[in-house]
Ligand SMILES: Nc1ncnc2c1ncn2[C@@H]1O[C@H](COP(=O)(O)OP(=O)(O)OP(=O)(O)O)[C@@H](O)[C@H]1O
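Below you will find one chain, with nothing else, as structure tokens; this is the form predicted on its own, and questions on how it binds or moves follow later.
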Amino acid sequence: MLIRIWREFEAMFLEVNNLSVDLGQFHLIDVNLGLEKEDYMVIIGPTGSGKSVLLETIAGFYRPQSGRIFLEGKDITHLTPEKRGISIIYQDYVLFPHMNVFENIAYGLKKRIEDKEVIESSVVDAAKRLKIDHLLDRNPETLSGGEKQRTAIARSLIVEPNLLLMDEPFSALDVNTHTYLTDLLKKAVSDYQTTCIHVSHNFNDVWSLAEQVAVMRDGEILQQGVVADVFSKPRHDFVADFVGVRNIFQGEVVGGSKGITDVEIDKNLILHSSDTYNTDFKEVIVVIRPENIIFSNQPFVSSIRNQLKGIVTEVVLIGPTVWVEVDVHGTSFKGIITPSSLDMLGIKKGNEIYLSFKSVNVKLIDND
């Protein structure tokens, strides 16, 4: 019992409490954020939501109007950047042009230790982890974008920071280089046991790297949590829309029983959700992820509670997937399938189609 109680009150590795910053055009409003040691968090949100300001405030570049930042239980709110033990990586690399790759990687380490053999061994080790050990004698201007960013990552990791911050580190890279660096970064961060916060507009970074994700808008964090939970159980209508739910409806609780809530989203169109509400006439927002909708040419024979019939209004090929929009008595549902499934089902605009989805995939958000 004592152990359990102690863990409940044990401080998180990083705690941002009620942090507010006003920079005129950009601002933060009562931001709260928590991260355990060795966690990897990706922060997403539209341009101008304050993601970079949050990183740079944690790093010590901006002084908050209110709130506190704790790292390993220590209040670092008013410490200068160099005393925080935090490294930050930007998309434009910020390498020293007059130094070669070895000297760039070693730069921070030389300020901490003097043993040349230890420095050389550490640089070579970091370079090998990032697959740039063959580039140590090269100057930055001769490197590709991916090689420059790997050099910047090695320089940051070699000093074993308490916290590594990354602001759109891959945004200037092509898709193949981005994927390659993601794999290298994931392993290197794990090897160095580094705690990370990574700002990105690319959802692939969330799925490939993160244990935690936070969604920001207008200087506020609307939701933070395990990646799968935030994407499948959004607690805010903006979060639902931003993470690609697509099916977002205004609804009203009209009844339910045995762990199922009945919600009316349009006149006489009732959906069934496993999210329970005990109060009838409660206004809610209903969200259904498009990949959770099953299409069929006949009624789906199963225990699935939500089975609807409609008319296909749009079929759009987007990369390796197909978006299908179906009108059900004036309400539009959007689902996603593969091109082979599209051909197999013979789905075309104007066709009648059945769609089914489980009650557990119908998520309800308080309409506050």
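Heads up: residue numbers just count along the shown sequence, starting at 1. Here the structure is a predicted model, which means the values were calculated and not measured. Only the largest set of C-alpha atoms that superpose within 1.5 Å between the two forms is called the rigid core.
Beyond what is shown, the protein has a form predicted together with the named molecule; the following relates to that form.
**Q** Taking heavy atoms only, is S49 within 4.5 angstroms of the named molecule in the predicted bound form?
**A** Result yes; S49 sits at the interface with the named molecule in the predicted bound form.
**Q** Indicate whether the named molecule has at least one heavy atom within 4.5 Å of a heavy atom of V360 in the predicted bound form.
**A** Judged by the heavy-atom cut-off of 4.5 Å, V360 is well away from the named molecule in the predicted bound form.
**Q** Tell me, yes or no, whether V53 is in contact with the named molecule in the predicted bound form, where a contact means a heavy atom of each within 4.5 Å.
**A** The answer is yes: V53 has a heavy atom within 4.5 Å of the named molecule.
**Q** Even though the named molecule is not shown here, does F70 get within 4.5 Å of it in the predicted bound form, heavy atoms only?
**A** Residue-level check for F70: no, no contact with the named molecule.
**Q** Looking at E168, D229, D133, E291, which has any heavy atom no more than 4.5 Å from the named molecule in the predicted bound form?
**A** If I apply the 4.5 Å criterion carefully, the residue I get is E168.
**Q** Name the single residue among H201, K128, K116, R112 that comes within 4.5 Å of the named molecule in the predicted bound form, judging by heavy atoms.
**A** Of H201, K128, K116, R112, the residue with a heavy atom within 4.5 Å of the named molecule in the predicted bound form is H201.
**Q** Among 335-343, 305-313, 39-47, 322-330, which stretch has residues whose heavy atoms lie within 4.5 Å of the named molecule in the predicted bound form?
**A** Every other range fails; the passing one is 39-47.
**Q** Using a 4.5 Å heavy atom cutoff, which residues in 62-99 contact the named molecule in the predicted bound form? It's fine if the answer is none.
**A** Heavy-atom contacts within 4.5 Å come from Y62 alone.
**Q** Once both forms sit on the same rigid core, is the C-alpha displacement of Q25 at or above 2 Å between this form and the one not shown?
**A** Comparing forms between this form and the one not shown, the Q25 CA shifts at least 2 Å.
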